[in-house]
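Single chain ahead, written as structure tokens, the form predicted on its own.
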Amino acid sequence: MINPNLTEQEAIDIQQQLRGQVIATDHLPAEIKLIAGVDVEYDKDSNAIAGAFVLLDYHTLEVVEVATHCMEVTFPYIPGLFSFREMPVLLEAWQKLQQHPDIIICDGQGRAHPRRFGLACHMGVLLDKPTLGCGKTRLFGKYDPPAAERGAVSPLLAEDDGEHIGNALRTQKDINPVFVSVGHKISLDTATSLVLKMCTEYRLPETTRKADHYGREAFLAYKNGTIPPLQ
């Protein structure tokens, strides 16, 4: 689904074309049962990349299913085009899932992106699933620091036109905020509330923490020449 031979301009053109398909309102199932975390692991010393989908029970946050995949990177490291580097391995992991989630939380950006089409948008549109981005760092936009208490929110505004493209969310008291944005089929308010719900004890949502854990396990096993767990 991702052409590895795309030029930088061709990838940008695809983003411009697909961003019009993003739905920034809630199109969620009547009952949410499974929520997924998505993460990608790679380093600068090799071309290896690992992708992980971890499905959690929405109410208990217990791990229900894990799918990982490892491969060689097929697209160069270009800021603003990370989804073309990360989507191939994540789509392979997606194909291994026996169940599909109701909502996906990506470790990255959605509409909080210079072209309003980060990884969470790309994934949501291709899979036609409610998807949101929760970035550890700000990629694009400006904001005032939110208040110190848990749950405080400050709008993230686009640097080019002032559009409200995401929220800086304080998930724990006196801890640096995360950056929440719409991916597809979810509103920013709902996305922000979901991320806060998933951050039960730590700065990052449990979905991201679990996906990071299993993705890192798979990546290290792949580099060491052993079979990744649950792959």
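Just so it is clear, the structure is predicted and the values come from calculations on it, not from any experiment. Definition used throughout: the rigid core is the maximal C-alpha set that superposes within 1.5 Å between two forms. One rule holds for the numbers: they count along the sequence shown, beginning at 1.
Here the subject shifts to the form predicted in complex with the DNA, a form of this protein not shown in this document.
Three-residue candidate spot His69, Lys129 and Tyr214; no residue lies within 4.5 angstroms of the DNA in the predicted complex by any non-hydrogen atom. Considering the DNA in the predicted complex, the lone stretch of 42 to 50, 193 to 201, 59 to 67, 22 to 30 in range is 42 to 50 [heavy atom distance within 4.5 Å].
Leu139 is the sole member of Val153, Leu91, Leu139, Ala158 with a non-hydrogen atom within 4.5 Å of the DNA in the predicted complex. A residue is said to contact a partner when one of its heavy atoms sits within 4.5 Å of a partner heavy atom; Gly80 meets this definition for the DNA in the predicted complex. In the predicted complex, the DNA lies within 4.5 Å of some heavy atom of Gly118. Heavy atoms of Pro101 never reach within 4.5 Å of the DNA in the predicted complex, leaving it off the interface.
Using a 4.5 Å cutoff between non-hydrogen atoms, Gly124 does not count as a contact of the DNA in the predicted complex. Along 90 to 121, a non-hydrogen atom within 4.5 Å of the DNA in the predicted complex is carried by Asp107, Gly108, Gln109, His113, Gly118, Leu119, in order along the sequence.
In the core-superposed comparison between the shown form and the other one, the C-alpha atom of Leu220 has shifted by at least 2 angstroms.
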